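Just one chain is shown here, as structure tokens, and it is the form predicted on its own.
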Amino acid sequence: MGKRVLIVDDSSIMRKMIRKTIEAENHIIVGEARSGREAIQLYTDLKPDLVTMDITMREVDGFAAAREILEGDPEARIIFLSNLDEEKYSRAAMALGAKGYVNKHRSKEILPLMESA
């Protein structure tokens, strides 16, 4: 059975691309958020198995949202997808407790991370 996934990205095009990639592997999208603030609320309401999280968003960025989600649920599984400097931001994501970091241009690389998360 697939994982229940919350997609968090301020770009509707990216959310659609991530949705298509994930659903092709029989995972279920339980919700989509356009901001970190919305992600925190949806995580609490939906209790997904996994969150795909963008970093740069208005209001509350992905790192701040992940930090708050992980404070409330230390078992939360979050994988960051971003175009930001991979080396620098992947280290920051892992230090925060994320299960992975994937460059948006290689979004299909999220699939093996989802299986191990």
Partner chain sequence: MSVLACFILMALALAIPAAQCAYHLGSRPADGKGTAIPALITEERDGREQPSEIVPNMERMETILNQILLGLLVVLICMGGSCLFLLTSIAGPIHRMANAAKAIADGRLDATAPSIPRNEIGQTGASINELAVNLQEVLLHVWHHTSHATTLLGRTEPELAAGGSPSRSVQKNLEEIRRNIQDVQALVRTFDCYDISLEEGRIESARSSRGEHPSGGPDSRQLRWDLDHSN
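Keep in mind it's a predicted model, so treat the numbers as computed, not measured. Residue numbers count along the first chain shown, from 1.
There is another form of this protein, the form predicted in complex with the partner chain, and it is not shown here; the text below is about that form.
This chain lacks the partner; the member of L50, I29, L70, M57 within 4.5 angstroms of the partner chain in the predicted complex by a non-hydrogen atom is M57. This chain is displayed alone, yet in the predicted complex one of L42, I79, A76, A64 has a heavy atom within 4.5 Å of the partner chain; that residue is A64.
The putative spot formed by L84, A92 and H105 is fully lined by the partner chain in the predicted complex; each residue has a non-hydrogen atom within 4.5 angstroms of it. Contact annotation for R15: at least one heavy atom lies within 4.5 Å of the partner chain in the predicted complex.
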